[in-house]
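To begin, one chain is listed below as structure tokens, in the form predicted on its own.
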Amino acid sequence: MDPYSLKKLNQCRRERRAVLLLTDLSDGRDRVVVEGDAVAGSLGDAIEKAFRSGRSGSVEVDDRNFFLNVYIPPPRLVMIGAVHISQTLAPIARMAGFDTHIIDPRTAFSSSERFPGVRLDAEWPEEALRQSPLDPYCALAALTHDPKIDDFALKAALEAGCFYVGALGSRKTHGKRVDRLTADGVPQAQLDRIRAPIGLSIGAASPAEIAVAVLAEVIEALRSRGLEQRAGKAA
């Protein structure tokens, strides 16, 4: 590997940026592609697909063979609220490969007995997210129904470009939430990114079923990163 490529690759991984080492198998030359870099043609399509899937492999483009070695930051799911939904969502998200983090300043809910083996911060989101900032490879699920807890976290997630932002509550509740965030200066384009009511529409009723619906929606968002922007450009 070219020393410059290795240095850039390691820097991107430290910064939690998705990066790919593209190697031309005919001559061994390589270069680093960061997610979002413009690469034209069929090779660019193959690179986009690799970033979405997180899978490395070889591709043939225009009678040339390339190996795409993909490095995706471990996806992180931040749950605002140590609630019943979180009790199911945290363990199944871990099984699906997500780093999990629960934030809830209400100490009656935020106990290790209720959430064994889960990173749990019994702090306000303002403090917890200052210590552990969000980034584009984070998903945030606001689950408390309490604007004093949820609203700051939602705004922070939108500003950080999290790949998924969801909030529990009815459409009426979400309408009031949008009014508050609008008054707080959040642009409409960002507000449109909030998934509310949270979770895929599968008729979920119990907290455990809602947790499954939320994780499914999070995975869908993770694997479709960038497709909406691409569709918008094509239109």
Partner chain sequence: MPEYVETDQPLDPLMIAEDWMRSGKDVAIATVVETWGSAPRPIGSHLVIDKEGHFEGSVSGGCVEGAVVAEAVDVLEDGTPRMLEFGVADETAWEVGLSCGGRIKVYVERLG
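Positions refer to the first chain, counted from 1. Since the model is a prediction, treat every value here as computed from it, not as a measurement.
Although it is not shown, the form predicted in complex with its partner chain is what the next lines describe.
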| item | value |
| --- | --- |
| Listed range touching its partner chain, judged in the predicted complex by heavy atoms within 4.5 Å, from 89-97, 156-164, 139-147, 123-131 | 89-97 |
| Any non-hydrogen atom of R119 within 4.5 angstroms of its partner chain in the predicted complex | yes |
| Interface membership of G41, its partner chain in the predicted complex, 4.5 Å heavy atom rule | no |
| Partner contact for E48 in the predicted complex: its partner chain, 4.5 angstroms, heavy atom | no |
| In the predicted complex, G57 touching its partner chain (heavy atom, 4.5 Å) | yes |
| Sequence-ordered residues of 123-151 touching its partner chain in the predicted complex, heavy atom within 4.5 Å | none |
| Relative Cα spacing, Q11 and R119, in the predicted complex - shift of 3 Å or more | closer |
